[in-house]
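Take a look at this single chain, the form predicted on its own, given in structure tokens.
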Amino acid sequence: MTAETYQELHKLNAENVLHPMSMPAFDNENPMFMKGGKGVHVWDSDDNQYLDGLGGLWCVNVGYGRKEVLDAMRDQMDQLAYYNTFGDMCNLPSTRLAAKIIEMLRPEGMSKVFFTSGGSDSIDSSIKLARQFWRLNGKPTKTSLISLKDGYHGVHMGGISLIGIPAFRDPYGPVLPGCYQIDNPFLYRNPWTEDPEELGQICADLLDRKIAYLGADNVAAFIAEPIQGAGGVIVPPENYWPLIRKVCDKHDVLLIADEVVTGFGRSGSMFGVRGWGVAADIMCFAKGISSGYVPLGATVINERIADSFAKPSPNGMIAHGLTYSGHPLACAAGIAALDVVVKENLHINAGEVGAYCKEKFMPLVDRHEHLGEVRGKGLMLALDLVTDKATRTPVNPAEGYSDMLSAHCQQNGVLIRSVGPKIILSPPLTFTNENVNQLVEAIDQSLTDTKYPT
């Protein structure tokens, strides 16, 4: 790319584009233009190659340039690029993908798929379906929703009402009434205990008491990510999810699993909550459902909820629809992408390579002053950056340390993501141990080269 063209594109971008999750006054002045990708690598407009430690954004599970997915998309475009699925309309790819997803979710007793355009849509769809379910069952007061601090549930108004990260919620308030957050099972930073099992019980008890305080007849659902992603890859204790399922059953409250990140293999299990032997009532998907090749999401309900909608009722109409629900091109990409995940056992690879990655990172905690903890499950990991290891005081994001660390990694040919005082890693599920070695080496060097601002 010529310097003149580069300058022109930078100018057009600065003048015309609002970037997601950005500071418009600064972030769009000198962006990296991505041009190509293959496997676990991407290229910028100057043909610099990078190992992609982000998987696009938690989503390119099968890697870039997969012929199977691209061919499926081309074939579908030649037949039908779009038609709606409202009412009694449908298309072949959406029907086939729905059947595939339900078959994959047989152990959880899931029954029906509502397709969306992405994760935020899936979350808001789950809220509406949960509230309507209780109305259909003669309990219209069950509308309140409980979520976790540090939880992330997309950017629609319903999602930000559930988010437990103030930075994503506060600029857009007031949020929906009837939404409450409780403390999360964050072993590295909690006020109670260093014992995982005890922490799991404490946090489950918090949900139990919150439902009792609000009144079970007023609570529709508890929603959480199996592993909190944007909040810092917070992996709960082994007993947490089974205890949460028991609490929800005790109070007859629906359990919604936000599987937007964890769904289809990232956590080392095909589904996040399955890793703890738990079945949710509603599951929300996106990202890995199509490996990011085309925007796609889904909200999936179990047999109990589906049966309520199947009964004749004046409130039984699903008065909720999206123009691109069941988009044939997206669903064709989804079928092909999930075929790759299953055929190549990418969920198993994520577990094995993720464990290797975590093991390789552990020595860096002792070696580097500002690396407080490495945590994760499968191919989702976080490096927790601190100013003091004894107090676990997080670095101040405003001082720019995590951003400088990310920039040094980029110079070393690896893309990572700085999120506040953390570095988050979510590479494609096709990652190998050799890829991990390169990733760890680049971050190790970057931690050495990046001096904390004084």
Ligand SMILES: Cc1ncc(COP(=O)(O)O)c(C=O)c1O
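One-based numbering along the sequence shown. Please read all numbers here as calculations on a predicted model, not as lab measurements.
One more form of this protein, predicted together with this ligand, exists but is not displayed; see below.
- Task: Among 93-101, 364-372, 177-185, 112-120, mark the stretch whose residues have heavy atoms within 4.5 Å of this ligand in the predicted complex.
- Result: Among the listed stretches, the partner-contacting one is 112-120.
**Message:** Whether E225 contacts this ligand in the predicted complex should be assessed with a 4.5 Å heavy atom distance threshold; does it?
**Reply:** Judged by the heavy-atom cut-off of 4.5 Å, E225 is in contact with this ligand in the predicted complex.
Checklist line | Interface membership of R266, this ligand in the predicted complex, 4.5 Å heavy atom rule | finding: Output for R266 is no: heavy atoms all beyond 4.5 Å of this ligand.
Interface membership of P328, this ligand in the predicted complex, 4.5 Å heavy atom rule: P328: no contact with this ligand in the predicted complex.
Contact with this ligand in the predicted complex for V260, defined as at least one heavy atom pair within 4.5 Å: yes or no?
The answer is yes: V260 has a heavy atom within 4.5 Å of this ligand.
Check: Of G154, G351, G164, G200, which one comes within 4.5 Å of this ligand in the predicted complex, counting heavy atoms only?
Finding: It is G154.
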